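In the block that follows, a single chain appears as structure tokens, in the form predicted on its own.
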């Protein structure tokens, strides 16, 4: 076995405790690289997972909660990892250079955090869509790849109607942008919107707004990274 990132050989430590499971376990990341993936732990905003010195609602979420359009559409966001320099390296290779298999680096962390926060919910997963142009450039939709790590129904209920790159927009431009999505079909019951990165929250709130209008009862979001 070799690490998907650094390609060093992985030699698992075999103890009596893990002897029966070690050979059936698909280990894809070495301990050194795993330690560089910074999971979000400790105090954080209960609405968006932004790390903080306490567990109080952050300033951004206070604004979302009173926004005339978005108040109440998105219950909360849960993110797995922080946007460390190491994570940026991985994202550049995975997301922008089409190295799809790297999604498996996140599998254990994604499944663990999902079970902790949404394990009893049994939601339908709705990945944030890419434009047709962007999907063709990258070869896959990173949000859908994350959703596929979870054994739950996936509904491509949204379609993207703009081709603008969010990464090149300033925070203010993102917050002032028009809805980049259209609703393809209604999805009933609890919904979990999936995306790779939570930055300002604008993308997820626009998605939740449409899904709420389409009949969803509760809408949360689950993102790989909180920047």
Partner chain sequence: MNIPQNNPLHQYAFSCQSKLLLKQEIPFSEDEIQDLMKRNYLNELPGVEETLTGYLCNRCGNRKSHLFGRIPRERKQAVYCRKCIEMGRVSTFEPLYKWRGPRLETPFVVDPCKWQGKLTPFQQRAADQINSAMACRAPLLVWAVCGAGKTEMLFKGLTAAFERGDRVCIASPRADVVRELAPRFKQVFPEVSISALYGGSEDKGKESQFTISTTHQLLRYEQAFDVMIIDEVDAFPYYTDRSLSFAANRARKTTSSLIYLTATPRKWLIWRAKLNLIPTVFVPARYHGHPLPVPQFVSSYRLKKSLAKNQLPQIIISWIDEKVTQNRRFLLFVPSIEMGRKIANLTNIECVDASDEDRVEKVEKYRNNKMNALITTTILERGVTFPSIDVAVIDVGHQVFDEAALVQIAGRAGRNAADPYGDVVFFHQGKTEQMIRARRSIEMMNSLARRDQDALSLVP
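Just so you know, these numbers come straight off a predicted model, no measurement behind them. Residue numbers count along the first chain shown, from 1.
In what follows, reference is made to the form predicted in complex with the partner chain, a form of this protein that is not presented.
Asker: 78, 125, 102, 143: which sits within 4.5 Å of the partner chain in the model of the complex by any heavy atom?
Answerer: Only one option qualifies, and that one is 102.
Asker: Which of these stretches, 91 to 99, 69 to 77, 151 to 159, 106 to 114, has heavy atoms within 4.5 Å of the partner chain in the model of the complex?
Answerer: Of the options given, it is 91 to 99.
Asker: Considering only heavy atoms, tell me if residue 139 and the partner chain come within 4.5 Å of each other in the model of the complex.
Answerer: Residue-level check for residue 139: yes, a contact with the partner chain.
Asker: Do residue 225 and the partner chain come within 4.5 Å of each other in the model of the complex, heavy atoms counted?
Answerer: Contact check for residue 225: no, nothing within 4.5 Å of the partner chain in the model of the complex.
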